[in-house]
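Single chain ahead, written as structure tokens, the form predicted on its own.
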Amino acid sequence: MSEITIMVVDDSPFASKQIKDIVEENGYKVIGYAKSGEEGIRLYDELHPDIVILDIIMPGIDGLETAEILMKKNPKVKIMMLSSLCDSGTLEEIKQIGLKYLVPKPWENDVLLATLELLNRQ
């Protein structure tokens, strides 16, 4: 089986490192980091990761708008949203743009990994 590649888009270096440690211990490979939506879009075009882990609250373009742009570029892009905003309004916004996966911050490692596995199977 080939290694599944992941790009992390989160303005928190601490969160990005935590995600890297968790996913790489479980057979995934983080190939890029971005601290903003704009940087994430640019990096996605360069790296073409299998999965994008995307924070919602970021400076500049937020994660929801970033997800919409990535989905227009590639309708088959696999995106997992991360956020401390997990209320019904946020869930509705995520559904409206066509995403299925929102993992609350702070996350449970098993939930993060199970969600990656679901995305990988799509």
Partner chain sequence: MTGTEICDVFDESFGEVTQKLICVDLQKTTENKKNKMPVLQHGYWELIQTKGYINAQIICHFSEDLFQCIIDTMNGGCTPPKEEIALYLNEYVNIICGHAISKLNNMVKKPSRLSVPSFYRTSEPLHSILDNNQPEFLAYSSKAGKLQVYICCSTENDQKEDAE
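Numbering follows the first chain given and starts at 1. Fair warning: this is a prediction, and the values are worked out from it, not measured in the lab.
Here the subject shifts to the form predicted together with the partner chain, a form of this protein not shown in this document.
Residues within 4.5 angstroms of the partner chain in the predicted complex, judged by any non-hydrogen atom, belong to 78-86 and to none of the other stretches in 78-86, 43-51, 65-73, 22-30. Contact annotation for residue 112: none of its heavy atoms lies within 4.5 Å of the partner chain in the predicted complex. In the predicted complex, the partner chain lies within 4.5 Å of some heavy atom of residue 15. Taking non-hydrogen atoms only, residue 36 never approaches the partner chain to within 4.5 angstroms in the predicted complex. Residue contact with the partner chain in the predicted complex: residue 98 places no heavy atom within 4.5 Å of it. Counting a residue when any of its non-hydrogen atoms is within 4.5 Å of the partner chain in the predicted complex, the hits in 95-122 run 105, 106, 108.
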